[in-house]
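In structure tokens, the next block holds one chain alone, the form predicted on its own.
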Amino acid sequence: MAEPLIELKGVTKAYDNRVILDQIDLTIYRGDALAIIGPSGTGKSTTLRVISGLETPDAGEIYVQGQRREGLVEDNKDPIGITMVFQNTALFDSLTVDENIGFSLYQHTRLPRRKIRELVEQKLEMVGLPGISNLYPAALSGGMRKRVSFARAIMENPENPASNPEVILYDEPTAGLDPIASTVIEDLICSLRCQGGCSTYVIVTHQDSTIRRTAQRVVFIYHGKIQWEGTVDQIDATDHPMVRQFFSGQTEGPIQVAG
């Protein structure tokens, strides 16, 4: 396995005295295609937010390329770029596609507007949406909005190559999409990795097809702990009761069904 990029050691996180992550140990390697799976409300998205630096753990340590992170990502810059695609896309409705994708460059660089638009068009080409830069999010389908959010996540800053994203975090990227739109997004996730648009990624998902088509390694979280870890090929071979129940959809088993 390649060198560790990100390490969570004994990470704990609670909200309103409810423990969401309970001393999680997780290592993300360079070139990883990792899926975090498990029932709803078990800490998967919280894990992504902690990895991204959007939230701090209550206990435990986070290392990024061997350097311990202190505080939020805005407090101390990570040695590598980590970007996130949110479940709801988090696009600005009042801004055009161009302004959404190039938002960070428009706000924080002195690049000419023409140059930023060229970079935006390059990213739109990569996600299969050329020629829509002047549209607003309201004019796009759900799948198109997802792809625009991907383009924004992989936007690089030519003035500061060291800050360009190396790791991308996907939070339920195919949630709410029909099977065909889901396939488009799954193919895009894999193709962006091959094109160099973040060679390492972590994906949180419930969808069987997304797990099997985008991931190589899988961790299963339940009750704030990693209960199982393996490859995608090992999913059907394991006799772990939680994994078997999760993929069969049975209501009886060790996973408690919310009433």
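This is a predicted model, so every value here is computed, not measured. So that there is no doubt, residue numbering starts at 1 and follows the sequence shown.
Here the subject shifts to the form predicted together with a small molecule, a form of this protein not shown in this document.
A.B. asks: With a 4.5 Å heavy atom cut-off, would you call residue 39 a contact of the small molecule in the predicted complex?
C.D. replies: Taking the distances in the predicted complex, the answer for residue 39 is yes, it comes within 4.5 Å of the small molecule.
A.B. asks: Would you classify residue 207 as touching the small molecule in the predicted complex, given a 4.5 Å non-hydrogen atom cut-off?
C.D. replies: No, residue 207 is distant from the partner.
A.B. asks: Against the small molecule in the predicted complex, would residue 46 count as a contact residue? Criterion: heavy atoms within 4.5 Å.
C.D. replies: Result yes; residue 46 sits at the interface with the small molecule in the predicted complex.
A.B. asks: Though only this chain appears here, would residue 16 touch the small molecule in the predicted complex if you measure heavy atom gaps against 4.5 Å?
C.D. replies: Although the small molecule is absent here, residue 16 would touch it in the predicted complex, with heavy atoms inside 4.5 Å.
A.B. asks: Which one of 20, 24, 242, 235 is close to the small molecule in the predicted complex, taking close to mean a heavy atom within 4.5 Å?
C.D. replies: Spelling it out, the residue with a heavy atom inside the cut-off is 20.
A.B. asks: Name the stretch: of 208-216, 25-33, 64-72, 46-54, exactly one has residues whose heavy atoms fall within 4.5 Å of the small molecule in the predicted complex.
C.D. replies: Contact criterion met by 46-54 only.
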